[in-house]
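This document opens with one chain alone, in structure tokens, the form predicted alone.
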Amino acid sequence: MNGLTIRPEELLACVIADLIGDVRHVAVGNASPIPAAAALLARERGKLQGLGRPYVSLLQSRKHNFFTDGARELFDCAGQGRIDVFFLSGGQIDGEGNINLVSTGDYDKPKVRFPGSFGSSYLYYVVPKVILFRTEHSRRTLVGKVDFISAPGTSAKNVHRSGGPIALVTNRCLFSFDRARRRFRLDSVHPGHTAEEVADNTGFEFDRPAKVPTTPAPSLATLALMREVVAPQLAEIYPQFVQQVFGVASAASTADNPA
């Protein structure tokens, strides 16, 4: 874009914001700075369009959080159909959208132990648009079959399920997910990457068009919105991330170190 430097984090946030679309309520869990930036970006776009939505709940934030009872209220709202978008990741993700947040190897003698499922399997069933997100795109993380299913990507036809994955965003590409076929499709590759590279680094089979498009770069207006409006908001809970990506110091750090 005319020599303008776009950070990978900005590209990914823009991709995710486009996936969020026009919804009522987006919730973002802990340790998710890029999805959080995307949710705030989607909200600012909604304001510019006069929509007043989506509402955004960042679980670690005091300013951008509708919940007063933490995760318990998150689960209640999700079960009532009041959360439209959520984000999940995993130590392993396979081609059917299954997530492993427990361990790899033998369950009784694991090679690696992950943090645990928490409420991922529940939210995966009830939130209509779950966006999977993984910044390490490798055969170690995107596998043919997860070693342990802590959150299943699909269910049998006789199981009522209103939620599930719609896409997987990685540092290399964007996959969409076809729930009926239980399969990912390569929608675009990010600038500097190729479809062949994606295939070489993915442990599961996926569909793709004859010519895979390149993920479009954020517009100048979107970059300005992220850098001038979203970044200062995000600095409340992710000050180091914001300083590294956007060069914006948090209000707390500015107060501690006045010029």
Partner chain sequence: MPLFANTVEEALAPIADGCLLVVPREVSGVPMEATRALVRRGVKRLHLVALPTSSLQADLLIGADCVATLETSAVSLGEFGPAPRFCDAVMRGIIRMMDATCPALHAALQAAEKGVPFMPLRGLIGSDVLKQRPDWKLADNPFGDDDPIVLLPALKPDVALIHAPMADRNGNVWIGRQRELATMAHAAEKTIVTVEKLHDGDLLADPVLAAGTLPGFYVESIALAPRGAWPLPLPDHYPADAAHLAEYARLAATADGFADYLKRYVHEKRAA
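Residue numbers count along the first chain shown, from 1. On a predicted model such as this, the values are computed, not experimentally measured, just so you know.
There is another form of the same protein, the form predicted together with the partner chain; it is not shown, and what comes next is about it.
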property: Non-hydrogen atom within 4.5 Å of the partner chain in the predicted complex for each of S89, R139 and N171; result: no
property: Among 185 to 193, 89 to 97, 156 to 164, 171 to 179, the region lying within 4.5 Å of the partner chain in the predicted complex by heavy atom distance; result: 156 to 164
property: Partner contact for K129 in the predicted complex: the partner chain, 4.5 angstroms, heavy atom; result: no
property: 4.5 Å heavy atom contact, D207 to the partner chain in the predicted complex; result: no
property: Contact flag, D69 vs the partner chain in the predicted complex, heavy atom cut 4.5 Å; result: yes
property: Exercise: R62 in contact with the partner chain in the predicted complex, heavy atom 4.5 Å; result: yes
property: Partner contacts for 68 to 89, taking the partner chain in the predicted complex and a 4.5 Å heavy atom cut-off; result: T68, D69, G70, A71, R72, E73, F75, D76, C77, G79, Q80, R82
